[in-house]
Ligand SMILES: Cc1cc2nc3c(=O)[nH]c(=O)nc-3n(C[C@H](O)[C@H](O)[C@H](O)COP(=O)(O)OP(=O)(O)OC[C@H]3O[C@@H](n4cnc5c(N)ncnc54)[C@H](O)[C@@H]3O)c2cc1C
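Starting off, we have a lone chain in the form predicted on its own, written out as structure tokens.
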């Protein structure tokens, strides 16, 4: 070894989960070191790219005002239904088809509001997610979907504020520091070997917290665990989440857990960068207003029920449906009735858009089987049933007699101009991870804690299966980051000190 270094707690990773873990351990008295594989200008992991929407349980507008500053006038113009712990748990279980580990799910839900308050107390700022999660009606802003809050200035602001807090607390961060392997003595984790520049450093620590992401940026692992077609997916976030921490933990005796064949994936602009571009952060390439329109592949056919549920509960699984289509491509199609209601990313200069006055002209602009495309739209328009259109609720305005159906928000597509946005599949994070306790302790195959090892964020398996309620990943990272940090600090205080 070229060098050695000694601390109480070492945190591998520097995204939301890792930084929450570091703050949590530090505030409980531990000496903490954070390792970031990326250079400083690319710090923050996937958290840097998020739009900041974060899902937590809350008791109506009064609770929201504890997190977001609102004056009386602004508050009086808001309709904010409560989103209880049971609502959150129900949504999580519904979209994961009941597969989410009940203990881990309950911990996420029950700790969500407390953790949001804790983040705010440590300087993270929040704002209403009005632009994407509400509609104006009768002079009021009506929120829907249990996701009314996001971090200020999206993921950029989140990463900035958490790092600012680390600096205030005196926590060191090493950039360009790649964890190579865990060290172990007498079945206890005793530190981590790190490649830092030209040096290999043996970091001796009483506790190690792994919070360095999944394997979504590792093409070989995607192909192995999820299928060869996943080699074609765009990586929406950092290129550094290549499964290093997972492999180190498994080699040290941790148990693999959760949905290793699944991931969070969405429809993203077909011309988005192949990996996240730190010069264009903020999740600007996603395309999530599909419930207001139709999704049609190059063969001119629909392949999902765009109105099955709010986008919060379908967008994370529809990305892989796009991946299955010819050339891993599809088009989100809208008409003039809904164009003004589309999310902000559709208005950016980075958005690829085709516009025409008629559907026939639109079909001529895009690489699609024109005859089938027009037949699909004709059949859809004929199948639309009467009813009151209301995008703030599942309005039941549906189609009948076509497959797939559109279960809600079905308007005839007949008012020009018409718009087509080409999308492909963008992978956000992998669902498979390690088995951990509700306190963030990494477990062995015998379901016992692996002494000295903790995990948080994307590295936790067993919470998300098949699908994902929007904003839950950021919340899970914060909740389990805080818990892992506290557990690691408690482990140190119990006398599990490294031997000099």
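Residue numbers count along the first chain shown, from 1. This structure is a prediction, so every number in the text was calculated from the model and none was measured. Between two forms, the rigid core is defined as the largest C-alpha subset superposing within 1.5 Å.
From this point on, the text means the form predicted together with the named molecule, which you will not see here.
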- request: Sort through 44, 433, 452, 440 and report the residue having a heavy atom within 4.5 Å of the named molecule in the model of the complex.
  value: 44
- request: Check each of 67, 463, 57, 53 and return the one that places a heavy atom within 4.5 angstroms of the named molecule in the model of the complex.
  value: 53
query: Taking heavy atoms only, is residue 298 within 4.5 angstroms of the named molecule in the model of the complex?
result: no
- request: State yes or no: in the model of the complex, is some non-hydrogen atom of residue 206 no more than 4.5 angstroms from a non-hydrogen atom of the named molecule?
  value: no
task: With heavy atoms only and a cut-off of 4.5 Å, decide whether residue 211 touches the named molecule in the model of the complex.
output: yes
message: With a cut-off of 4.5 Å between heavy atoms, is residue 484 one of the residues that contacts the named molecule in the model of the complex?
response: no
- line: Within 4.5 Å of the named molecule in the model of the complex by heavy atoms, the stretch out of 58-66, 442-450, 470-478, 22-30 is 470-478
- prompt: Who in 145-181 is close to the named molecule in the model of the complex, meaning a heavy atom within 4.5 Å?
  reply: 177, 178, 179
message: Using a rigid core superposition, assess whether residue 343 undergoes a CA shift of 2 Å or more between this form and the one not shown.
response: yes
